[in-house]
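Just one chain is shown here, as structure tokens, and it is the form predicted alone.
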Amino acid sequence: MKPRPLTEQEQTLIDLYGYCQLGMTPQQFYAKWQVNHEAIAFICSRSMSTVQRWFRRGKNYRRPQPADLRHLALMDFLLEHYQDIPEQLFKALCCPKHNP
């Protein structure tokens, strides 16, 4: 399969996404939504011990990676705008892999 060339609008979209500084800390997400550390681990595809280190203080604290902050910000966006997303778009975005 030969890759399709990008239109100018598609390249602009890639640039917007690449330069987007979207991010939300685990503490901000935890304060906003009634979730536990297990849910945050699931959203970010991280282990429970990694997420627990994000909430610790001192030498055991570990800073989340930029990808983790983006995952939480995107989840926050989806939770905030769930009702506004057209069903067809939602299914295309969140369709389980085993259900084409």
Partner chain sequence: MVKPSYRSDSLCLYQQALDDFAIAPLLTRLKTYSDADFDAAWMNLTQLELESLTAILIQDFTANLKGKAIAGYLNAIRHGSTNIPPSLIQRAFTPPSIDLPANFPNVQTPRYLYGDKLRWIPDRDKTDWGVATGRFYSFAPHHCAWAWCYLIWLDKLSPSAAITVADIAWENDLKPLEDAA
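Numbering follows the first chain given and starts at 1. Please read these numbers as outputs of a predicted model, since none were measured by experiment.
Although it is not shown, the form predicted in complex with its partner chain is what the next lines describe.
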Quiz item: in the model of the complex, do Q27, G58 and L69 all put a heavy atom within 4.5 Å of its partner chain?
Solution: yes
Quiz item: Hey, in the model of the complex, is V35 touching its partner chain, heavy atoms inside 4.5 Å?
Solution: no
Exercise. Answer yes if any heavy atom of L74 is within 4.5 Å of a heavy atom of its partner chain in the model of the complex; otherwise answer no.
Key: no
Exercise. Sequence order please: the residues of 30 to 54 with a heavy atom within 4.5 Å of its partner chain in the model of the complex.
Key: E38, A41, F42, S45, R46, S47, M48, S49, T50, Q52, R53
